[in-house]
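Let's start with one chain on its own, the form predicted alone, as structure tokens.
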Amino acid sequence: MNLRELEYLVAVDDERHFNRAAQRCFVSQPTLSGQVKKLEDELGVLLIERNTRQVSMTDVGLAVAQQARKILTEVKAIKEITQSFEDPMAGELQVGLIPTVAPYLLPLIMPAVNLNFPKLTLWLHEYQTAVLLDKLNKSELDLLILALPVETDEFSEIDLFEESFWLAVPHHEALGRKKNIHLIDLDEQEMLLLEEGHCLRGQALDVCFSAGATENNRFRATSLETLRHMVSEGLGMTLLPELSVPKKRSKKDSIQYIPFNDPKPRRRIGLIYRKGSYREETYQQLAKIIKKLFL
């Protein structure tokens, strides 16, 4: 039995598909299948039920996979300990970000991270909040950058910055002629919002409720860029976080981006990681660099 076989078994349990598990582990499907079969032969039990349509874990397979996750997590912790003593700002980190942050924040922070920590390699992953938290809990990711607060006490968090919401409205709309707006200006307006699963949806709904606005239930977007295109076509208005608002805008732009007057609706963006992580100094140093960019 070796760690690679345990990693393959966990991948099959997560994916319930040999080809996807092999892609995740960067090996061929025959290699992964052969190693899992070797593990079964060594243990003398059937871990996986195989047929042409689906992959199912046996009861003992589920139990072994769960124990394998614990072993892989402890091995990762050992590597983190040695790394933190040698050089906390070297090595690799698996970093997860939410889709409403990743495309706008990464171009800002990655040059600074690469300049200050040239020995540190960040592997970046973009998922919705629930998936990120699950992967962090399973030690598949090391830290997350997402909207706070997160309703769990399993992780430690560091505030990074706050960003305001802006109103994105078709240029021809009456609100589009305003340079600044108050929340009350949204009273009885209909807003285009993201679909379920995005934490930004809940935050935008809170703003709508406080302002007396309602959701346009005829459409829910999968991304901020989809919302932007809908507004551009004159199909409604929406709220966008400040980082996603273009810095350079033309007078011919079909969208008017309008900031709110105080009190501005806003969201907190932060970094979270597993409590007790031996790489806490690494995360603190990363947070320090990001914070400086927003002072």
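From a predicted model like this one, the values you see are computed outputs, not experimental measurements. The first residue of the sequence shown is number 1, and the count goes up from there. The term rigid core refers to the most C-alpha atoms you can superpose between the two forms while keeping them within 1.5 Å.
Keep in mind that the form predicted together with the DNA is not shown, yet the notes after this line are about it.
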item: In the predicted bound form, the one of Gln256, Ser244, Ser33, Thr238 near the DNA [non-hydrogen atom within 4.5 angstroms]; value: Ser33
item: Sole residue of His229, Lys38, Lys264, Arg268 within 4.5 Å of the DNA in the predicted bound form, by heavy atom; value: Lys38
item: Interface segment, criterion being heavy atoms within 4.5 Å of the DNA in the predicted bound form, picked from 43 to 51, 63 to 71, 247 to 255, 230 to 238; value: 43 to 51
item: Contact test in the predicted bound form: Val27 vs the DNA, heavy atoms, 4.5 Å; value: yes
item: Gln285, heavy atom within 4.5 angstroms of the DNA in the predicted bound form; value: no
item: Exercise: Met57 in contact with the DNA in the predicted bound form, heavy atom 4.5 Å; value: no
item: Non-hydrogen atom contact Phe18 with the DNA in the predicted bound form at 4.5 angstroms; value: yes
item: After fitting the core, Ala22 CA displacement of 2 Å or more between this form and the one not shown; value: yes
item: Core superposition between this form and the one not shown, C-alpha change of Gly34 at least 2 Å; value: yes
item: After fitting the core, Ala287 CA displacement of 2 Å or more between this form and the one not shown; value: no
